[in-house]
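Just one chain follows, in the form predicted on its own, and it is written as structure tokens.
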């Protein structure tokens, strides 16, 4: 990295950066999916009305967006659910984390996903969306989600079913974004008067949106994460 770029990054971080503390780490088997509990002392969670994303520093000059889920307003704690199956700086970062580590983040922002005013809420995506939809469920209160999340590893699908008590089905992922597994699940569902949330792999989100427009779904809200 050249000196000018490094200087600009240092100024950026010095003006915006805040720190969080790693409280606990839980790993699914196989170890490509992580739950990390954080304390973010400078983060005001009291006014969140939609799903948020945190921009976290994972390497020098490299940031990744993660969704806070299961947050507690008073203690300013939350959990990040991080899929590390793809090689890259984000995966290397979460695999290196230890309890007691400090992390740097440079902001929290809203996504387009927030609870629907009426009707059913149906969530569709790949494993990168687990934290995202847990956050949407928390915001929704008693209006529970249903839907399907595509997961490649069989043991991860088993852990998902055992761990989360909600009406979202883990389906087998046979392609990069889980398109075939999700569309197969959708074929048997009544989408009338439903708000459908689509998130995850961007090309898959685009294809799913086109498919869903042919159904009776009232609204389709898309939030792409990765490509």
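Please read these numbers as outputs of a predicted model, since none were measured by experiment. Positions refer to the first chain, counted from 1.
Quick note: we don't show the form predicted together with a small molecule, though the next part is all about it.
For a residue to qualify, one of its non-hydrogen atoms must sit within 4.5 Å of the small molecule in the predicted bound form; none of 27, 30 and 170 qualifies. Heavy atoms within 4.5 Å of the small molecule in the predicted bound form map, among the stretches 70-78, 85-93, 99-107, 141-149, onto 85-93 alone. Although the partner is absent from this view, residue 159 stays clear of the small molecule in the predicted bound form, with no non-hydrogen atom inside 4.5 angstroms.
Under a 4.5 angstroms non-hydrogen atom cutoff, the small molecule in the predicted bound form has residue 66 among its neighbouring residues.
Taking the partner from the other structure, the small molecule in the predicted bound form has a heavy atom within 4.5 Å of a heavy atom of residue 53. In the predicted bound form, residue 128 approaches the small molecule with a heavy atom inside 4.5 Å.
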